[in-house]
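So this first bit is one chain, no partners, the form predicted on its own, shown in C-alpha coordinates.
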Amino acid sequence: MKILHTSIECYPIAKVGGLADVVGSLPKYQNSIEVEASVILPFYDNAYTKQQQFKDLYTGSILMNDVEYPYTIRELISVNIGFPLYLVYIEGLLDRANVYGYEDDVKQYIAFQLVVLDWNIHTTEVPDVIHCHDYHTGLIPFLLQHATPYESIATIPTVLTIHNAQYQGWMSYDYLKYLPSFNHDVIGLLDWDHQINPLAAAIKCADRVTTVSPSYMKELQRNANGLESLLSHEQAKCVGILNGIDKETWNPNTDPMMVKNYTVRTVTSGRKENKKWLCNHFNLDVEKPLFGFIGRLVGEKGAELLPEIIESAIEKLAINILILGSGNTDTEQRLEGLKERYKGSYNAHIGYDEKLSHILYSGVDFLLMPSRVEPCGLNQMYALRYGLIPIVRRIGGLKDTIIDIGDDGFGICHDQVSVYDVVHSIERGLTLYTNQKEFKRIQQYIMSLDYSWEKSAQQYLNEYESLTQTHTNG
(Lines give C-alpha, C1' and ligand atoms only; values in the text may rest on other atoms or scores of the structure.)
Protein backbone atom coordinates (compact mmCIF):
# COMPACT_ATOMS: atom_id res chain seq x y z
CA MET A 1 0.00 0.00 0.00
CA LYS A 2 1.44 3.36 -1.07
CA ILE A 3 0.83 6.38 1.17
CA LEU A 4 1.85 9.92 0.23
CA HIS A 5 2.12 12.32 3.17
CA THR A 6 1.72 15.99 2.24
CA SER A 7 2.99 18.62 4.64
CA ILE A 8 4.91 21.88 4.77
CA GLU A 9 7.06 20.73 7.70
CA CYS A 10 9.16 17.59 8.04
CA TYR A 11 12.11 16.92 10.32
CA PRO A 12 15.02 17.21 9.63
CA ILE A 13 14.39 19.33 6.52
CA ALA A 14 12.11 22.03 7.89
CA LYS A 15 11.00 22.19 11.51
CA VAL A 16 9.07 24.82 13.41
CA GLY A 17 7.03 22.63 15.76
CA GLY A 18 5.64 19.19 16.46
CA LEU A 19 4.16 18.86 12.95
CA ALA A 20 7.68 18.37 11.61
CA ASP A 21 8.48 15.68 14.17
CA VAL A 22 5.33 13.72 13.33
CA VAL A 23 5.75 13.90 9.56
CA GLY A 24 9.43 13.07 9.94
CA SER A 25 8.84 9.92 11.99
CA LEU A 26 5.41 8.38 11.25
CA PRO A 27 6.33 7.40 7.65
CA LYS A 28 9.52 5.73 8.88
CA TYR A 29 7.53 3.47 11.20
CA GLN A 30 4.85 2.85 8.60
CA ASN A 31 7.52 1.54 6.24
CA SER A 32 8.28 -1.20 8.76
CA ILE A 33 4.72 -2.59 8.61
CA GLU A 34 4.10 -3.32 4.93
CA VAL A 35 3.39 0.29 3.97
CA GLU A 36 5.28 2.25 1.31
CA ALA A 37 5.10 5.70 2.88
CA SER A 38 6.71 8.80 1.38
CA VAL A 39 6.58 12.53 2.06
CA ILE A 40 6.26 15.53 -0.22
CA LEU A 41 6.80 19.10 0.95
CA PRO A 42 7.96 22.43 -0.47
CA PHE A 43 11.65 22.94 -1.21
CA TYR A 44 13.44 25.10 1.36
CA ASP A 45 16.70 26.86 0.66
CA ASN A 46 18.10 26.33 4.14
CA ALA A 47 21.18 24.95 5.86
CA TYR A 48 19.95 21.36 5.62
CA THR A 49 19.16 21.32 1.90
CA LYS A 50 22.44 23.09 1.11
CA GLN A 51 24.28 20.06 2.54
CA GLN A 52 22.27 17.42 0.64
CA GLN A 53 22.06 16.05 -2.88
CA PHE A 54 18.83 15.74 -4.86
CA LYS A 55 17.71 14.05 -8.05
CA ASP A 56 15.24 15.79 -10.35
CA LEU A 57 12.38 13.32 -10.91
CA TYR A 58 9.85 15.31 -12.87
CA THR A 59 9.31 18.75 -14.37
CA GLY A 60 5.96 20.25 -15.17
CA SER A 61 3.97 23.44 -14.76
CA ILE A 62 0.84 24.69 -13.06
CA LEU A 63 -1.42 27.61 -13.92
CA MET A 64 -2.47 30.11 -11.27
CA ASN A 65 -4.41 33.25 -12.17
CA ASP A 66 -3.43 32.75 -15.83
CA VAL A 67 0.27 32.71 -14.93
CA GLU A 68 2.31 29.59 -15.67
CA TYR A 69 4.66 28.37 -12.94
CA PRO A 70 7.23 25.72 -13.95
CA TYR A 71 8.03 23.28 -11.16
CA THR A 72 10.47 20.47 -10.43
CA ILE A 73 10.00 17.45 -8.17
CA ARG A 74 13.29 16.73 -6.43
CA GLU A 75 14.09 13.56 -4.49
CA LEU A 76 16.54 13.51 -1.58
CA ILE A 77 19.27 10.98 -2.43
CA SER A 78 22.31 11.83 -0.28
CA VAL A 79 20.95 10.46 3.01
CA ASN A 80 18.45 7.79 4.07
CA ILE A 81 15.94 9.29 6.50
CA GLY A 82 13.69 6.24 6.55
CA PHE A 83 11.34 7.13 3.71
CA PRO A 84 11.42 8.66 0.21
CA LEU A 85 11.32 12.45 0.43
CA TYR A 86 10.15 14.63 -2.46
CA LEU A 87 10.51 18.41 -2.58
CA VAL A 88 8.54 20.79 -4.80
CA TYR A 89 10.72 23.51 -6.28
CA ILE A 90 9.29 26.62 -7.94
CA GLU A 91 11.80 29.40 -8.50
CA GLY A 92 10.81 32.53 -6.61
CA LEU A 93 7.90 30.83 -4.84
CA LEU A 94 8.81 27.45 -3.35
CA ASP A 95 12.49 28.07 -2.72
CA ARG A 96 12.45 30.16 0.46
CA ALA A 97 14.64 29.81 3.55
CA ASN A 98 11.84 29.72 6.11
CA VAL A 99 8.59 27.80 6.49
CA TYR A 100 6.38 30.71 7.54
CA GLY A 101 6.35 34.48 7.60
CA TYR A 102 5.99 35.60 3.99
CA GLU A 103 3.32 37.93 2.61
CA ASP A 104 2.43 35.38 -0.05
CA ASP A 105 2.23 32.35 2.28
CA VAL A 106 -1.27 31.53 1.00
CA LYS A 107 -0.12 31.61 -2.61
CA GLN A 108 2.77 29.29 -1.71
CA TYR A 109 0.45 26.76 -0.05
CA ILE A 110 -1.93 26.77 -3.02
CA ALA A 111 0.93 26.31 -5.49
CA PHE A 112 2.32 23.42 -3.46
CA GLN A 113 -1.03 21.62 -3.38
CA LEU A 114 -1.61 22.11 -7.10
CA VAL A 115 1.81 20.63 -7.86
CA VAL A 116 1.14 17.61 -5.63
CA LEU A 117 -2.01 16.87 -7.60
CA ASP A 118 -0.54 17.69 -11.00
CA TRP A 119 2.42 15.37 -10.39
CA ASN A 120 0.08 12.56 -9.41
CA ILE A 121 -1.71 12.86 -12.74
CA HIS A 122 1.56 12.16 -14.55
CA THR A 123 3.40 9.75 -12.26
CA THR A 124 3.13 5.99 -12.60
CA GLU A 125 3.48 5.67 -8.80
CA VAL A 126 0.00 6.86 -7.87
CA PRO A 127 -0.57 6.51 -4.09
CA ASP A 128 -3.37 4.42 -2.63
CA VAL A 129 -4.03 7.17 -0.07
CA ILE A 130 -3.02 10.82 0.16
CA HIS A 131 -2.51 11.83 3.78
CA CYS A 132 -2.87 15.61 4.34
CA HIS A 133 -1.43 17.30 7.42
CA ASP A 134 -3.11 20.47 8.73
CA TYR A 135 -4.72 23.29 6.77
CA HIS A 136 -1.70 23.96 4.57
CA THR A 137 -2.70 20.90 2.52
CA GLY A 138 -6.42 21.13 3.31
CA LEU A 139 -7.54 22.03 -0.21
CA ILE A 140 -6.28 18.75 -1.65
CA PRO A 141 -9.35 16.62 -0.75
CA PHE A 142 -11.69 19.22 -2.30
CA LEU A 143 -9.61 19.75 -5.44
CA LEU A 144 -9.06 16.03 -5.92
CA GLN A 145 -12.80 15.37 -5.94
CA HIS A 146 -14.13 18.45 -7.68
CA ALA A 147 -11.50 20.24 -9.80
CA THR A 148 -11.68 19.43 -13.50
CA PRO A 149 -7.95 18.75 -14.14
CA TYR A 150 -7.81 15.94 -11.57
CA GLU A 151 -10.72 13.77 -12.71
CA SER A 152 -8.38 10.87 -13.55
CA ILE A 153 -7.22 10.54 -9.93
CA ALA A 154 -10.40 11.67 -8.19
CA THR A 155 -10.99 8.27 -6.58
CA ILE A 156 -7.82 8.36 -4.44
CA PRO A 157 -8.97 8.36 -0.78
CA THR A 158 -7.73 11.17 1.45
CA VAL A 159 -6.97 11.40 5.16
CA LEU A 160 -6.72 14.69 7.02
CA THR A 161 -4.80 14.87 10.28
CA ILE A 162 -5.55 17.92 12.42
CA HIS A 163 -2.45 18.78 14.41
CA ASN A 164 -3.87 22.08 15.67
CA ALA A 165 -7.36 23.31 14.84
CA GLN A 166 -6.63 26.84 16.05
CA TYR A 167 -4.97 27.50 12.68
CA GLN A 168 -7.32 27.08 9.73
CA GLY A 169 -5.84 29.02 6.80
CA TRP A 170 -8.68 31.48 6.34
CA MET A 171 -8.58 33.35 3.04
CA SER A 172 -10.86 35.65 1.09
CA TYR A 173 -12.69 34.58 -2.03
CA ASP A 174 -10.20 36.65 -4.03
CA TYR A 175 -7.97 33.57 -3.89
CA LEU A 176 -10.39 31.59 -6.06
CA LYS A 177 -8.48 32.99 -9.04
CA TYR A 178 -5.54 30.76 -8.06
CA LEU A 179 -7.60 27.56 -8.11
CA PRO A 180 -8.28 25.42 -11.21
CA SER A 181 -11.77 25.20 -12.65
CA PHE A 182 -14.42 23.34 -10.67
CA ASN A 183 -18.20 23.08 -10.56
CA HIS A 184 -19.27 26.13 -8.55
CA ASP A 185 -22.37 24.27 -7.39
CA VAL A 186 -20.07 22.78 -4.71
CA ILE A 187 -18.41 26.06 -3.69
CA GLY A 188 -20.07 25.74 -0.30
CA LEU A 189 -17.59 22.98 0.54
CA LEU A 190 -14.86 25.63 0.62
CA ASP A 191 -16.86 28.04 2.74
CA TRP A 192 -17.02 28.52 6.48
CA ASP A 193 -18.25 31.79 7.97
CA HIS A 194 -18.31 33.54 4.58
CA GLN A 195 -14.70 32.92 3.64
CA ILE A 196 -12.59 30.11 2.25
CA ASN A 197 -11.47 27.89 5.11
CA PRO A 198 -9.05 25.14 3.99
CA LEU A 199 -9.29 23.22 7.26
CA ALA A 200 -13.09 23.23 7.16
CA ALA A 201 -13.01 22.18 3.49
CA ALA A 202 -10.74 19.27 4.34
CA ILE A 203 -12.98 18.17 7.20
CA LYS A 204 -15.92 18.16 4.81
CA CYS A 205 -14.18 16.45 1.90
CA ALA A 206 -11.58 14.06 3.37
CA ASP A 207 -12.60 10.42 3.64
CA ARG A 208 -11.20 10.22 7.14
CA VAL A 209 -10.34 12.91 9.70
CA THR A 210 -7.89 12.14 12.47
CA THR A 211 -6.50 14.14 15.35
CA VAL A 212 -3.28 13.56 17.22
CA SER A 213 -4.85 12.20 20.41
CA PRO A 214 -8.22 10.72 21.43
CA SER A 215 -8.89 13.43 24.04
CA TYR A 216 -8.19 16.22 21.55
CA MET A 217 -10.79 14.77 19.19
CA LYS A 218 -13.39 14.96 21.96
CA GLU A 219 -12.31 18.47 22.95
CA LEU A 220 -12.65 19.76 19.39
CA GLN A 221 -16.39 19.20 19.49
CA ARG A 222 -16.46 21.76 22.32
CA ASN A 223 -13.58 24.04 21.36
CA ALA A 224 -12.33 24.12 17.77
CA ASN A 225 -12.04 27.85 17.06
CA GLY A 226 -15.43 27.97 15.33
CA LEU A 227 -15.50 24.49 13.78
CA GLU A 228 -17.24 22.73 16.68
CA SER A 229 -20.54 22.13 14.88
CA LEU A 230 -18.79 20.90 11.73
CA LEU A 231 -16.70 18.37 13.64
CA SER A 232 -19.76 17.19 15.54
CA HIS A 233 -21.60 16.76 12.23
CA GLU A 234 -18.68 14.82 10.70
CA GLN A 235 -17.87 12.76 13.81
CA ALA A 236 -18.70 9.45 12.11
CA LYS A 237 -15.52 9.71 10.02
CA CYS A 238 -13.37 11.16 12.82
CA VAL A 239 -10.92 9.24 14.99
CA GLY A 240 -8.25 10.26 17.49
CA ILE A 241 -4.88 8.49 17.13
CA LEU A 242 -2.18 9.33 19.64
CA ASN A 243 1.09 10.55 18.18
CA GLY A 244 4.26 8.66 18.93
CA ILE A 245 7.91 9.62 19.06
CA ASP A 246 10.90 8.40 17.11
CA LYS A 247 12.66 6.24 19.70
CA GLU A 248 15.79 6.10 17.56
CA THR A 249 16.24 9.86 17.40
CA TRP A 250 15.13 10.26 21.01
CA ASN A 251 17.29 7.69 22.76
CA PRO A 252 19.22 8.73 25.89
CA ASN A 253 21.62 5.83 25.40
CA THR A 254 22.81 7.03 21.96
CA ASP A 255 21.73 10.69 21.65
CA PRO A 256 24.81 12.53 20.29
CA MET A 257 23.56 15.91 21.52
CA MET A 258 23.70 15.01 25.21
CA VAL A 259 26.63 15.71 27.52
CA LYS A 260 26.52 12.15 28.88
CA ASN A 261 24.44 9.21 27.69
CA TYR A 262 22.70 6.81 30.04
CA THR A 263 20.35 3.84 30.29
CA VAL A 264 17.62 2.91 32.77
CA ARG A 265 20.32 1.39 34.98
CA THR A 266 22.56 4.47 34.87
CA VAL A 267 19.84 7.14 34.75
CA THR A 268 20.80 8.72 38.09
CA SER A 269 24.47 9.24 37.31
CA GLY A 270 23.85 10.12 33.69
CA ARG A 271 21.21 12.74 34.37
CA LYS A 272 23.39 14.18 37.14
CA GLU A 273 26.17 14.93 34.63
CA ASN A 274 23.78 16.61 32.20
CA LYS A 275 22.24 18.64 35.03
CA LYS A 276 25.70 19.65 36.22
CA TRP A 277 26.53 20.95 32.73
CA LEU A 278 23.27 22.95 32.59
CA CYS A 279 23.80 24.45 36.04
CA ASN A 280 27.38 25.43 35.24
CA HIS A 281 26.38 26.88 31.89
CA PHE A 282 23.43 28.86 33.27
CA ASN A 283 24.84 29.74 36.72
CA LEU A 284 22.38 27.62 38.74
CA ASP A 285 22.75 25.61 41.95
CA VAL A 286 23.16 21.94 41.05
CA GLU A 287 21.95 20.87 44.51
CA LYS A 288 18.48 22.33 43.98
CA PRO A 289 15.74 20.65 41.92
CA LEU A 290 15.68 22.06 38.40
CA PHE A 291 12.34 22.87 36.73
CA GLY A 292 12.35 23.58 33.01
CA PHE A 293 10.13 24.81 30.18
CA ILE A 294 10.90 23.91 26.55
CA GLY A 295 8.75 25.28 23.75
CA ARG A 296 7.03 28.19 22.10
CA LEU A 297 6.38 31.22 24.32
CA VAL A 298 2.75 31.65 23.25
CA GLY A 299 -0.67 31.71 24.87
CA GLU A 300 -1.49 28.15 23.80
CA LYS A 301 1.37 26.96 25.99
CA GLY A 302 0.39 29.18 28.94
CA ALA A 303 3.75 30.88 28.48
CA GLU A 304 2.64 34.40 29.42
CA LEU A 305 2.18 33.10 32.98
CA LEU A 306 5.81 31.99 33.24
CA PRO A 307 7.19 35.29 34.60
CA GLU A 308 4.65 35.29 37.47
CA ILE A 309 5.20 31.58 38.05
CA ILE A 310 8.94 32.15 38.29
CA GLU A 311 8.53 35.05 40.71
CA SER A 312 6.05 33.24 42.93
CA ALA A 313 7.90 29.92 42.98
CA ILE A 314 11.43 31.22 43.51
CA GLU A 315 10.35 33.67 46.22
CA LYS A 316 9.01 30.84 48.39
CA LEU A 317 10.84 27.67 47.28
CA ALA A 318 14.48 26.56 47.09
CA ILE A 319 14.43 25.63 43.39
CA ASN A 320 15.96 26.49 40.02
CA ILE A 321 13.97 27.32 36.87
CA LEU A 322 15.35 27.25 33.32
CA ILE A 323 13.47 28.37 30.19
CA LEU A 324 14.22 27.50 26.56
CA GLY A 325 11.95 28.97 23.91
CA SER A 326 10.86 31.89 21.79
CA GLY A 327 7.60 33.46 20.71
CA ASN A 328 5.67 36.42 22.09
CA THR A 329 7.98 39.45 22.28
CA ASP A 330 6.51 40.77 25.52
CA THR A 331 6.89 37.37 27.22
CA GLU A 332 10.46 37.10 25.95
CA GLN A 333 11.32 40.54 27.36
CA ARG A 334 9.73 39.80 30.73
CA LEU A 335 11.64 36.52 31.00
CA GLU A 336 14.90 38.25 30.07
CA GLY A 337 14.17 40.93 32.66
CA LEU A 338 14.04 38.41 35.51
CA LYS A 339 17.55 37.09 34.94
CA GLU A 340 19.38 39.66 37.02
CA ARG A 341 16.78 39.67 39.79
CA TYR A 342 16.94 35.89 40.30
CA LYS A 343 20.55 35.28 39.33
CA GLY A 344 21.64 31.88 40.58
CA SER A 345 18.09 30.49 40.69
CA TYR A 346 16.71 31.32 37.25
CA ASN A 347 17.92 31.67 33.68
CA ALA A 348 16.56 31.56 30.14
CA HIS A 349 17.76 30.97 26.60
CA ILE A 350 15.46 32.88 24.26
CA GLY A 351 15.52 31.19 20.89
CA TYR A 352 15.43 27.75 19.31
CA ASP A 353 18.33 25.38 19.96
CA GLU A 354 17.82 21.69 19.13
CA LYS A 355 21.00 20.52 20.86
CA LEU A 356 20.28 22.49 24.01
CA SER A 357 16.75 21.08 24.14
CA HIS A 358 18.16 17.54 24.20
CA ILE A 359 20.46 18.48 27.09
CA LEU A 360 17.49 19.95 28.97
CA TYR A 361 15.50 16.76 28.50
CA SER A 362 18.45 14.81 29.89
CA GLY A 363 19.29 17.12 32.80
CA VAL A 364 16.20 18.96 34.05
CA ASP A 365 14.35 17.29 36.95
CA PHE A 366 10.78 18.42 36.11
CA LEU A 367 9.25 19.65 32.84
CA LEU A 368 6.59 22.38 33.01
CA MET A 369 3.75 22.16 30.46
CA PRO A 370 0.92 24.49 31.62
CA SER A 371 -0.80 24.33 28.22
CA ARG A 372 -4.13 25.90 27.33
CA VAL A 373 -4.22 23.83 24.14
CA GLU A 374 -2.17 20.67 23.59
CA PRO A 375 -3.56 18.50 20.77
CA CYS A 376 -1.07 15.77 21.58
CA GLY A 377 2.17 17.11 22.92
CA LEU A 378 5.47 15.47 22.17
CA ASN A 379 7.56 17.17 24.84
CA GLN A 380 6.07 15.08 27.63
CA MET A 381 6.84 11.89 25.66
CA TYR A 382 10.42 12.98 25.06
CA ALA A 383 10.62 13.74 28.78
CA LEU A 384 9.41 10.27 29.76
CA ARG A 385 11.90 8.66 27.40
CA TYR A 386 14.72 10.56 29.13
CA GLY A 387 13.54 10.04 32.72
CA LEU A 388 12.30 13.61 33.10
CA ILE A 389 9.12 13.91 35.20
CA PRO A 390 6.41 16.04 33.50
CA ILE A 391 4.21 18.60 35.28
CA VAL A 392 1.22 19.06 32.98
CA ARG A 393 -2.25 20.43 32.69
CA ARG A 394 -4.91 17.77 32.06
CA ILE A 395 -5.74 18.66 28.46
CA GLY A 396 -5.60 16.93 25.07
CA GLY A 397 -2.73 14.50 24.66
CA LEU A 398 -1.31 15.43 28.07
CA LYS A 399 -4.42 13.92 29.61
CA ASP A 400 -3.93 10.77 27.51
CA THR A 401 -0.28 10.24 28.38
CA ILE A 402 0.41 11.45 31.95
CA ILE A 403 -1.07 9.90 35.12
CA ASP A 404 -0.72 11.83 38.37
CA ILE A 405 1.43 10.39 41.16
CA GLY A 406 -1.60 10.76 43.43
CA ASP A 407 -3.38 8.21 41.24
CA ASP A 408 -0.48 5.74 41.37
CA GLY A 409 1.00 7.40 38.30
CA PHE A 410 4.29 8.98 37.33
CA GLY A 411 3.67 12.67 36.66
CA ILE A 412 2.16 15.73 38.31
CA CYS A 413 -1.10 17.05 36.89
CA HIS A 414 -3.24 20.15 37.43
CA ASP A 415 -6.57 21.22 35.96
CA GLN A 416 -6.34 24.99 35.43
CA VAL A 417 -3.98 27.30 33.60
CA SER A 418 -3.19 29.55 36.53
CA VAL A 419 -0.14 30.71 38.47
CA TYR A 420 -1.55 29.12 41.62
CA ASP A 421 -2.07 25.68 40.01
CA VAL A 422 1.38 25.59 38.45
CA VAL A 423 3.18 26.78 41.59
CA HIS A 424 1.25 24.27 43.68
CA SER A 425 2.36 21.55 41.25
CA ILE A 426 5.95 22.77 41.54
CA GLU A 427 5.61 22.43 45.33
CA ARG A 428 4.43 18.85 44.83
CA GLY A 429 7.45 18.26 42.64
CA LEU A 430 9.75 19.63 45.33
CA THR A 431 8.19 17.27 47.87
CA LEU A 432 8.77 14.33 45.52
CA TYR A 433 12.36 15.44 44.93
CA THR A 434 13.12 15.34 48.66
CA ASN A 435 12.12 11.64 48.62
CA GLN A 436 15.04 10.59 46.43
CA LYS A 437 14.23 6.89 46.58
CA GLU A 438 10.74 7.45 45.11
CA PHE A 439 12.03 10.11 42.74
CA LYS A 440 14.59 7.70 41.25
CA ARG A 441 12.06 4.87 41.09
CA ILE A 442 9.75 7.03 38.97
CA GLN A 443 12.63 8.12 36.74
CA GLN A 444 13.47 4.51 35.98
CA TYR A 445 9.82 3.56 35.51
CA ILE A 446 8.98 6.30 33.00
CA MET A 447 12.02 5.41 30.88
CA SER A 448 10.47 1.97 30.40
CA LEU A 449 7.17 3.36 29.04
CA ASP A 450 6.69 2.95 25.30
CA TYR A 451 5.25 5.90 23.40
CA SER A 452 6.90 5.06 20.11
CA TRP A 453 5.11 5.01 16.76
CA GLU A 454 4.55 1.24 16.40
CA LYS A 455 1.02 1.13 17.79
CA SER A 456 -0.08 4.39 16.15
CA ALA A 457 1.40 3.39 12.78
CA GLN A 458 -0.71 0.23 12.87
CA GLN A 459 -3.83 2.26 13.72
CA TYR A 460 -3.24 4.47 10.68
CA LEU A 461 -2.76 1.39 8.52
CA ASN A 462 -6.12 0.07 9.72
CA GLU A 463 -7.78 3.32 8.65
CA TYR A 464 -6.04 3.29 5.25
CA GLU A 465 -7.14 -0.30 4.60
CA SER A 466 -10.70 0.55 5.56
CA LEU A 467 -10.75 3.42 3.08
CA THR A 468 -9.20 1.53 0.18
CA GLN A 469 -11.60 -1.39 0.69
CA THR A 470 -14.56 0.99 0.76
CA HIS A 471 -13.43 2.70 -2.45
CA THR A 472 -12.78 -0.65 -4.16
CA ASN A 473 -16.15 -2.07 -3.14
CA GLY A 474 -17.86 1.18 -3.98
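Here the structure is a predicted model, which means the values were calculated and not measured. Quick note: we count residues from 1 along the sequence shown, nothing fancier.
Below, we refer to the form predicted together with a small molecule, which is not included among the displayed structures.
Novice: Which one, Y71, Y382, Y346, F112, lies within 4.5 Å of the small molecule in the predicted complex by heavy atoms?
Specialist: Residue within 4.5 Å of the partner: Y382.
Novice: Between the options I241, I391, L220, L378, which residue brings a heavy atom to within 4.5 Å of the small molecule in the predicted complex?
Specialist: That would be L378.
Novice: Using a 4.5 Å heavy atom cut-off, which of 85-93, 312-320, 352-360, 125-133 contacts the small molecule in the predicted complex?
Specialist: Looking at the partner contacts, the answer comes out as 352-360.
Novice: State yes or no: in the predicted complex, is some non-hydrogen atom of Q108 no more than 4.5 angstroms from a non-hydrogen atom of the small molecule?
Specialist: Taking the distances in the predicted complex, the answer for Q108 is no, it never comes within 4.5 Å of the small molecule.
Novice: With the cut-off set at 4.5 Å between non-hydrogen atoms, does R271 touch the small molecule in the predicted complex?
Specialist: The answer is no: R271 has no heavy atom within 4.5 Å of the small molecule.
Novice: Given that the partner is absent here, does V23 sit within 4.5 Å of the small molecule in the predicted complex, heavy atoms only?
Specialist: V23 lies outside the contact set for the small molecule.
Novice: So, in the predicted complex, is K247 in contact with the small molecule at a 4.5 angstroms heavy atom limit?
Specialist: No - in the predicted complex, heavy atoms of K247 and the small molecule never come within 4.5 Å of each other.
Novice: Looking in the predicted complex, is the small molecule within 4.5 Å of a heavy atom from each of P27, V35 and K455?
Specialist: Spot residues vs the small molecule: no contact at all.
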